[in-house]
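First, one chain by itself in structure tokens, the form predicted alone.
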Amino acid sequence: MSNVIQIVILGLALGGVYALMASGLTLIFGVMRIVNLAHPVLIIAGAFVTFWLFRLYGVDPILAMPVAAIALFCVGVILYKLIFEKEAASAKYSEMTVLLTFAVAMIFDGLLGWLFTNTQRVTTPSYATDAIFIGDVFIPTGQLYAGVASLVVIGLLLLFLQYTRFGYAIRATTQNRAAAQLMGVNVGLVSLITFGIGIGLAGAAGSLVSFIFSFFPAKHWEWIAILMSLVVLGGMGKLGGVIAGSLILSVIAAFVGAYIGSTWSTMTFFLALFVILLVRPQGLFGDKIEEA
């Protein structure tokens, strides 16, 4: 029984981090229908910001989260103005963004590789290798702190969306972009700021990734399918769904890794993506797709 509890705890802690990693991706899709394949490489960029703050100035990775988030928010605003704003009204916008964000991912991959090489990095705060023991169960403090920090950030995001005027505008744009515009919402500004927030969340996630995973620029290719599986499982554009999907899949992957093998743990996400697209393409919490 203690072994099962152990696996569930590890899965939930890692699931919180995955939820933060995927939350910006689903927020951006919900508001602008941008399928952002560059999201994982921007998480890596946030990890590098945190790594150098830790290495040069000794800043704790969790305390570095706001800095990484603000830095990536600015990157997101610039990217949106330069690349995504012009064709936002196009009927083929979502399809176009797949290619555009793939190109952005390639550019950032090359840029980060040129600046920092593809050497594996990791930040090493003291708690990264510690653990809390409760009887026969141990909780790695690094994963625990990362999971709690992720859920705190997501909680703040949900409060922002639920109770602020700009949050109302974001939710209205997510539900019906045309109707929101008719009601006086500046959807252009909402899209710009939301894209920045989504990329800022990637930066915050990168701070946590920096001490629970080793990372290097090309690692983002491993995360694309994982994050897409979480977003699709929860329902494209559904923030609550991606949180639930992340926790569910992470716990399942933890059991698979414990009882079958760590190699198959990652395959859990790929298999889930394949099955959900076949059986329920709108995701567990998504709206039913209307037939033409």
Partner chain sequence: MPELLEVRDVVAGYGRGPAILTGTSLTVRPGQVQCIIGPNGAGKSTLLKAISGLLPVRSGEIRFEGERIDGLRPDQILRKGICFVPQERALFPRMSVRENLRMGGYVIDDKKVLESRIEEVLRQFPILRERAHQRAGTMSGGQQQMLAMARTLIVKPKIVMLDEPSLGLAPKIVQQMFEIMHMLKDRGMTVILVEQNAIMGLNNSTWGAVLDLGKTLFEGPAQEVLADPRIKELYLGKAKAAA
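Positions refer to the first chain, counted from 1. Not measured: the values here are computed from a predicted model.
Below, we refer to the form predicted together with its partner chain, which is not included among the displayed structures.
Remark: of stretches 137 to 145, 214 to 222, 163 to 171, 117 to 125, the one touching its partner chain in the model of the complex is 163 to 171 (heavy atom within 4.5 Å). With the partner removed from view, the residue among Met183, Ala131, Leu156, Ile78 that has a non-hydrogen atom within 4.5 Å of its partner chain in the model of the complex turns out to be Met183. Taking the partner from elsewhere, Val98 is found to have every heavy atom lying beyond 4.5 Å of its partner chain in the model of the complex.
Its partner chain is not drawn, but in the model of the complex it has no heavy atom within 4.5 Å of Ile107.
By the criterion of a heavy atom within 4.5 Å, Leu111 is excluded from the residues contacting its partner chain in the model of the complex. Residue contact with its partner chain in the model of the complex: Ala103 places no heavy atom within 4.5 Å of it.
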